[in-house]
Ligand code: LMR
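Given as structure tokens, the chain that follows is alone and in the form predicted on its own.
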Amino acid sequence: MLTRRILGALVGATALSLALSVPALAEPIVIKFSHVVAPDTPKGKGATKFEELAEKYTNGAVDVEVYPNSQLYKDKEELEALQLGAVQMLAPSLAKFGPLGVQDFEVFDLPYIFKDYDALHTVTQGDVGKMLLSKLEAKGITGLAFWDNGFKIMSANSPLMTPDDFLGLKMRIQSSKVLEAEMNALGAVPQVMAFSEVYQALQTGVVDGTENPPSNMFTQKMNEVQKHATISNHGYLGYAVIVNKQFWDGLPADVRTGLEKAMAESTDYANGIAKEENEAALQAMKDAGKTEFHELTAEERAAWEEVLTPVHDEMAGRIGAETIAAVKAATAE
């Protein structure tokens, strides 16, 4: 059932569609770019950079309106809003495409599938990434780029040094069957929850812990309500910048060319700052002193990998064995 908020927004979307059919545009083309994180995260800064460059390279023919922090839509609403044309652009986390019916993207959720950023970028910036984005076309979505956030750490109000430390903990995850399998493998109880609700849930004890890149943990002040965190780098969180396909295809060619240039440059910018933003956020949380951070030893990491890597085979039937194999082949040294 459509939410009242999305139905209301469709009135504006219909008016925009009609405006695009008029040869002489009296007003700029509005692109509503909605996302769920803070403006000072890598994704938030990337969206702001795209806004700046898009307006520059289209000579003002486009007006990009960025809405951060779930101002327009929460996690579960935003893809529906995009498909219906209530917003034109999103940068959802890659796990969001599973419920849409494109489970191949859940390969990015697999624990310990990427050793580092270089291995990751052989996928997101190569042929495998292009293949994955092309799968969105049938859903009325055009994929433009992959944006990094970073590698995730685990946090809770008790130390998380070995897999046994997760037993019985209620751990918040975003909606992803792979992440459910990950937490089940650790003996934790996965709790699917919108990103905007996590801080309060941690504060009130509705959940015991969660996983996030440091930049998300810090900008949402989760370190204020989590006593322990482990720098596990066990999984990756990234985004796909996407647009409504009908809207994109209906743009004048010169406008689309300007937007493609803006997207290429803002992608380089967003990915360029992601690693340093996470390192700075991690240091800031250490300096704040409210959370005790633990670095895994080689032996501890091996124990985590032993428990978590079987999730690859467990999820092959859902994600697609060929997709997993393609990623592993691209990242093989």
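Start at 1 and count along the sequence shown; that's the residue number. Keep in mind the model is a prediction, meaning the values are calculated, not measured.
Below, we turn to the form predicted together with (2S)-2-hydroxybutanedioic acid (LMR), even though it does not appear here.
Taken together, the three residues Val37, Lys43 and Asp75 all come within 4.5 Å of (2S)-2-hydroxybutanedioic acid (LMR) in the predicted bound form, as judged by their closest heavy atom.
You can rule out all but one of 255-263, 241-249, 111-119, 88-96: in the predicted bound form, only 88-96 has residues with a heavy atom within 4.5 Å of (2S)-2-hydroxybutanedioic acid (LMR). Of the residues Thr230, Thr124, Ser176, Asn212, just one reaches (2S)-2-hydroxybutanedioic acid (LMR) in the predicted bound form with a heavy atom at 4.5 Å or closer; this is Asn212. Residue in contact with (2S)-2-hydroxybutanedioic acid (LMR) in the predicted bound form (any heavy atom within 4.5 Å), chosen from Ala181, Leu237, Ala81, Met154: Leu237. Among heavy atoms of Asn223, none comes within 4.5 Å of (2S)-2-hydroxybutanedioic acid (LMR) in the predicted bound form.
Tyr199 falls outside the set of residues with a heavy atom inside 4.5 Å of (2S)-2-hydroxybutanedioic acid (LMR) in the predicted bound form. Taking (2S)-2-hydroxybutanedioic acid (LMR) as positioned in the predicted bound form, the residues of 194-218 that bring a heavy atom within 4.5 Å of it are, in sequence order, Phe195, Asn212, Asn216.
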